[in-house]
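One chain follows as structure tokens, the form predicted alone.
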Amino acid sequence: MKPRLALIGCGRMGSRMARRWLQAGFHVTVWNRDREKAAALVADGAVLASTASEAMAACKVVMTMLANGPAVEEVIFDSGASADLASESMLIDMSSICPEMARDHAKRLLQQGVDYLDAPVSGGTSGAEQGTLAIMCGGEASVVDRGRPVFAPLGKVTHVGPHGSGQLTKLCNQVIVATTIGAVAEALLLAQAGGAIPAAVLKALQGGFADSRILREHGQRMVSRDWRPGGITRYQVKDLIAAQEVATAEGVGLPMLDQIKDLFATFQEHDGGDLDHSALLLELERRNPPQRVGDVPDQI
């Protein structure tokens, strides 16, 4: 029998994940601070809870998909909702938070007999819709195995180490994503400035050593100038700052991380925070007038 699931956080990612579970036959109870976002899932078969405590008390497996660490702390702990988790239940935090906070949450929950996994994801809203997310899971291997049926409708889960390792892996992911977005944006701007056709250059690079999912998907966003958010810039900045903090704590110097974080942070300051992170191209264009990749209107 499939376990009853509670989902705390029904935003862009959470709502799509909830629909995947519902389509797979899970009983899903939902709650969101913005009630309308959770209520929208009732038509798909979800049960709407009036409080986070109510949702968490009703289910043995609780999933959280919230904006950041402070949101997780507020909703799960500061509100007192964690006290309503049943002994031997499981809380799986799929939000992106700092590794140190994940380890602290694990310690606090284990003290009350609740298993914990930190399991952030990569793949964006399209991955959530299609069930192709990469799920990076930190915690006890036996608990990860218990959670595999829950992860299955969402994508591929990999156990990457003890508590906090899932969040650390997500930060590694974000460093690679951000740096590659920056490289693709610079390459397409160079192509434009030199007189080549950026869309043709994008096609020519596919299949060679420069090819990647980011080149294909985010490069296409750049030549189409489609900045409607999939991966939101302000979340990218949050994660890059967290990666810097871990690097500093471990005594590791990461100059490319420092540079790409500064570039994204400046773009956020120029009103780019709510755009897709591929829109970093706009910051490069701002610095290089009158260069502009493509001649189609911006989609925001």
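Bear in mind that the values here come from a model prediction, so they are computed numbers and not experimental data. Residue positions are given as counts along the sequence shown, with the first one as 1.
The form predicted in complex with a further copy of the same chain exists for this protein as well; it is not shown, and the discussion that follows is about that form.
Every residue in the set Ala134, Ala200 and Val246 has a non-hydrogen atom no more than 4.5 Å from a further copy of the same chain in the model of the complex. Taking the partner from elsewhere, Arg225 is found to have every heavy atom lying beyond 4.5 Å of a further copy of the same chain in the model of the complex. In the model of the complex, Gly113 stays away from a further copy of the same chain, with no heavy atom inside 4.5 Å.
Contact check for Ile260: a non-hydrogen atom falls within 4.5 Å of a further copy of the same chain in the model of the complex. Residue contact check for Glu250: one or more of its heavy atoms lie within 4.5 Å of a further copy of the same chain in the model of the complex. Of the candidate stretches 217-225, 69-77, 105-113, 82-90, only 217-225 has residues with heavy atoms within 4.5 Å of a further copy of the same chain in the model of the complex.
Looking at 191-211, the residues that come within 4.5 Å of a further copy of the same chain in the model of the complex, counting any heavy atom, are Ala191, Ala193, Gly194, Gly195, Ala196, Ile197, Ala200, Val201, Lys203, Ala204, Leu205, Gln206, Gly207, Gly208, Phe209, Ala210, Asp211.
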